[in-house]
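First, one chain by itself: the form predicted alone, in structure tokens.
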Amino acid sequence: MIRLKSADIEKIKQIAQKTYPHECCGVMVGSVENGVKTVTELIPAENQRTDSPANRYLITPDLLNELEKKLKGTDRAIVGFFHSHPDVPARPSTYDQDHAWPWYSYVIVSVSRGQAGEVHNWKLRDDRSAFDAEKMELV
């Protein structure tokens, strides 16, 4: 399960609307206790995909490495990622499945004609065979 503030979801929606018709992306940082990931910070990232930014996103390894260095020695860690799906449902694509990592939470927001809509959270199975809906609690 992942726990986010309602304001975090609104922020993700705003970022998604601003980047439409391209996919937005970012990192969720927080803590983990008793299997519950609690988001304490959203870090928007510039989508580095130049060949197909309307249906793909890329967060560079350099950004992730820098963030992990910053978090080292703290009680916080990367707990997941968020991105948008312009003009398609907020469900993982085959591409998402091929590039995701198990354990992490993946929040996806659908943006239709520039307006953010449904938001769902997903977690890739350990065997990478499929995504499952992961409970998302708003506080």
Partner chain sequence: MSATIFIPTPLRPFTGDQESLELEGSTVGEVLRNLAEQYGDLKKHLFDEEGKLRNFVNIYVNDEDIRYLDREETAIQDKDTISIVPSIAGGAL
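Numbering follows the first chain given and starts at 1. Note that the coordinates shown come from a computational prediction; the quantities given were computed from them, not determined experimentally.
Not pictured, yet referred to below: the form predicted together with the partner chain.
At 4.5 angstroms, heavy atoms only, are Gly114, Glu118 and Lys135 all close to the partner chain in the predicted bound form?
-> Contact check failed for every one of Gly114, Glu118 and Lys135.
Does the partner chain come within 4.5 Å of any heavy atom of Asp51 in the predicted bound form?
-> Looking in the predicted bound form, residue contacts with the partner chain do not include Asp51, since no heavy atom lies within 4.5 Å.
Non-hydrogen atom contact Arg128 with the partner chain in the predicted bound form at 4.5 angstroms = Arg128: yes, in contact with the partner chain in the predicted bound form.
Please check if Asp75 has a heavy atom lying within 4.5 Å of any heavy atom of the partner chain in the predicted bound form.
-> Heavy-atom contact with the partner chain at 4.5 Å: absent for Asp75.
Leu67: touches the partner chain in the predicted bound form, heavy atom cutoff 4.5 angstroms = Leu67: no contact with the partner chain in the predicted bound form.
Residues within 4.5 Å of the partner chain in the predicted bound form, restricted to 96-118 and counted by heavy atom | Stretch hits, in order: Asp96, Asp98, His99, Ala100, Trp101, Pro102, Trp103, Tyr104, Tyr106.
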